[in-house]
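One chain is shown next in structure tokens, namely the form predicted alone.
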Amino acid sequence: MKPKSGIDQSVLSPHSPHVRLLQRRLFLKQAMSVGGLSLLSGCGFTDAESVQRALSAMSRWNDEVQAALFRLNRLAPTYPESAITQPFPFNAFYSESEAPVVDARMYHLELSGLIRDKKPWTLAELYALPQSSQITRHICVEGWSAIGKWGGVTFKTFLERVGADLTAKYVGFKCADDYYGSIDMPTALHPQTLLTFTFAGETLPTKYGFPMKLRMPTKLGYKNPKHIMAIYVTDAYPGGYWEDQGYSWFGGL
């Protein structure tokens, strides 16, 4: 049953594996908060540098816990086309009119880092890769969610095709706007992580990330980069646009 808010009640059931996972993480977060208070009690609250170090340590610990709970065989829920949110909302750190316009004719996806074949890819070459689609829920850290249909190539397939080092720690992204980001390799290899070129069966609109968006239903919305211009693989921690401002790096569900 779906209420007027559009929230799938099965997801909110106390018996739902997603709710149980969130409850477990909340317990761990509360436990860490107690530890965090003991850490902070060792420094004055006016000592901003010490407080920031303590909070950063707690954030890193939280990332490690989320990474430990992540499983490649744990799939996010999928939905029928009737559940798609109409209209799907635009969301960014700028207005819709400011979304970057990328010239498809001039576009080349740049590759670097721990990748064997660093040849740039045109859109035509990317569109020729095996395609699949999924209808999944985008969950924003601001407290709203929406269901959309995304199509593209599984990111694992693309990484294998270019000879990426799949034992590396991170995959990073540079985008046509000011956004940059990175994810852990296990998330990159998750079967639902798609390098998407379409939305609702049509070429990805500018407002949703043309020429491509990495769609990860196992991550919060701010971790899903749009307008991707370059991809690199590395063992050095790359950070991210929001993470460098204090957001959780792992950002998983």
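All residue numbers refer to positions in the sequence shown, first residue = 1. Only a predicted model underlies this, so the values are computations on that prediction, with no experimental measurement involved.
Beyond the structure shown, there is the form predicted together with a small molecule, which is absent from this document and is the topic of what follows.
Exercise: Tyr232 in contact with the small molecule in the model of the complex, heavy atom 4.5 Å:
Outside the cut-off, so no.
Does the 4.5 Å heavy atom contact test between Cys175 and the small molecule in the model of the complex come out positive?
Answer yes; at least one heavy atom of Cys175 falls within 4.5 Å of the small molecule in the model of the complex.
Pro186 versus the small molecule, in the model of the complex: is there a non-hydrogen atom within 4.5 Å?
Pro186: no contact with the small molecule in the model of the complex.
Tyr170 near the small molecule in the model of the complex, any heavy atom under 4.5 Å?
Tyr170: no, not in contact with the small molecule in the model of the complex.
Contact segment among 155 to 163, 84 to 92, 127 to 135, 113 to 121, judged by heavy atoms lying within 4.5 Å of the small molecule in the model of the complex
One stretch meets the cut-off, namely 84 to 92.
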